[in-house]
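Take a look at this one chain, the form predicted on its own, written out in C-alpha cells.
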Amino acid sequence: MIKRKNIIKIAIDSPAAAGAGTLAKSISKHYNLFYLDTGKIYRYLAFLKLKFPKKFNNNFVKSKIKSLKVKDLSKKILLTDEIGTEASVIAKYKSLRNIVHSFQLNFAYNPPKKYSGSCLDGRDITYNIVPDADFKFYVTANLKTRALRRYKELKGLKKNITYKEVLKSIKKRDKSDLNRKISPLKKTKDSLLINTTNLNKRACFLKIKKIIDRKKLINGNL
C-alpha cells in the first residue's frame, strides 16, 4: 500500500449520533483533510443487502467496494434507522470487515493529493485502521442526547418515527457496537475524550481545533 509522507492523520471513534460526523466534517474542511465516514460504508452495504438479498455475498460486496465512490455514501436513504440497524449487524462479520479494511486504509494513508491529510471516523479507527494517527479522539454524549439528535435528523428527512423508537434503536446499536467480538467500539488510552452532551457544534469544533493547533505548533506543523 502506498503511503503519502508528511500528511496529517486524524482518527475519531464514537457511538451512534454523538456528533462525530459533523465534527469530523468541520475539522476536515478547516485543515483541508480528506474526510471518510467509515460507518457510511457499512450503511451502504446494509442498503445493498436489503435491496439485493439474493445476490448479497462476499464476491458481490468485493465488486461493489472496488467500484465504490465517496459520493455513493451521500445517499439520504443511508441515514434511515432500518439501514443503521442492519449496518450494525453487518459490521460483526470479519469477512466483510476485511473487504472494507483495504478501502479505508487507502483513503487514510493515501488521500487525494489536493488534501493535506485524512480524517476518518467510525468505531475502530483509533486502534485498527489508523493506529499511528497524529490525533485520536473519542467523541461521545449521553444516550438521551444522542437519541434526540438522531430523532431530529430523521424527522428532518420526513421519516415517520417516534423518539422512543429511536432511543430503543440507539440502545440496540450501542450494545452491538460495544460487545461484538470483531473490532468493537472502545476508547483507547491515547484517545482524547470529547463529550458533546452540553456542547454545540461550534464549541466542539473550537475545542478540537485548539488541541490540534497546540500540537502542530509544538511539533513544527507536524
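In this text, all values refer to a predicted model and were calculated from it rather than measured experimentally. All residue numbers refer to positions in the sequence shown, first residue = 1.
Just so it is clear, the following notes concern the form predicted in complex with ligand C5P, a form of the same protein that is not shown.
To test your reading of this chain, name the stretch in 160-168, 24-32, 175-183, 65-73 whose heavy atoms come within 4.5 Å of ligand C5P in the predicted complex.
Only one stretch qualifies here: 175-183.
Thr38, Tyr42 and Asp124 each touching ligand C5P in the predicted complex (heavy atom, 4.5 Å)
Every residue of the candidate spot has a heavy atom within 4.5 Å of ligand C5P in the predicted complex.
Give me the residue from Ala87, Ala141, Ala147, Ile99 that has a heavy atom within 4.5 Å of ligand C5P in the predicted complex.
Selected option: Ala87.
Distance check, Ala91 to ligand C5P in the predicted complex, heavy atom within 4.5 Å:
Looking in the predicted complex, residue contacts with ligand C5P include Ala91, since a heavy atom lies within 4.5 Å.
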